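What follows is a single chain, given as structure tokens, in the form predicted on its own.
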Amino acid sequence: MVEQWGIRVPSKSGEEVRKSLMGEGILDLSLKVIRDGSTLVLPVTEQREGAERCSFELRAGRPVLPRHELVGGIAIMQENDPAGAEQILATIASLHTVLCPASDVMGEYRTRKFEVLAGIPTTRTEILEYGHRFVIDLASAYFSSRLSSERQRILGKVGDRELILDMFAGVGPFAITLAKRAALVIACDINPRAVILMQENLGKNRVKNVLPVLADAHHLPGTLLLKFDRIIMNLPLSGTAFLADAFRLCKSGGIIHFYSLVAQEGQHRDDLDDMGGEVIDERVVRSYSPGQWHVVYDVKVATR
């Protein structure tokens, strides 16, 4: 038996959640799923909200693969290991490519370069997430499948016919997810390749109430004549520079979901309070690096 983190889900949702966790690259494929009455416990490689420590059985004969992250049909290794890449490609039938990063995330478009270690020479793949399909290109536009559960959390808070702004929309995962309940989502990104992929994803998911906008988010307050019920700010490395813009665009009593990398709890609370925001929740989305966490502040904008 092996002790590991586990996520408990209803049996009827097991396959959908399993695919989502595989897409995020955190499903521990070396361990067996626990069946417990009407629920399943899925083994995951990192702690996340709602996860519990459980004892899992090892899968018999499961090969020990080099460490990697799964993103759709692509595996990303941190080591430049062509032999290990071939082993991963031969073991996981759903894969078509194995990559290794050739640069850090860089530039205002938050992109990175990759080296193809095995399989088809491409950085393009497709993600299935809670019934939506997202075409992504890892070298052209930022995408994090690790926020799939967070997107569902926000969807659960959206009221009927809300007007929503996604200030850093990328290829559209938040915008397309939230469009199910919104009246209109305006989805902005400064990266033209991201906006092109977003348009492709809108068509693929038959979503008609998302308006893609190619723009620097700093320009939105002087361009948009609307005030929004809810604003998504998923730019964790530099989102603080856009907080004043978000407050100008949000309705009194509206909600801003502000994502940031922090070194300590409550790091941004004073700044948000000074701007006229009430932090109604602060949550760790995931561990980012030793001593740093990716967190979200749910902020209610004061009546003005």
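If you're wondering where the values come from, they're calculated on a predicted model, not measured in any experiment. Start at 1 and count along the sequence shown; that's the residue number.
Although it is not shown, the form predicted together with ligand SAM is what the next lines describe.
In the model of the complex, ligand SAM lies within 4.5 Å of some heavy atom of Pro236. Looking at Phe242, you'd find a heavy atom of it within 4.5 angstroms of ligand SAM in the model of the complex.
Interface residue remark: Glu86 is not counted as part of the site for ligand SAM in the model of the complex, having no heavy atom within 4.5 Å. Contact annotation for Ile176: none of its heavy atoms lies within 4.5 Å of ligand SAM in the model of the complex. This chain lacks the partner; the member of Leu138, Ile154, Val71, Ala217 within 4.5 angstroms of ligand SAM in the model of the complex by a non-hydrogen atom is Ala217. Contact with ligand SAM in the model of the complex, defined as a heavy atom within 4.5 Å, holds for exactly one of Ile190, Ile120, Leu163, Val207, namely Ile190. Of the candidate stretches 109 to 117, 90 to 98, 222 to 230, 75 to 83, only 109 to 117 contains residues with a heavy atom within 4.5 Å of ligand SAM in the model of the complex.
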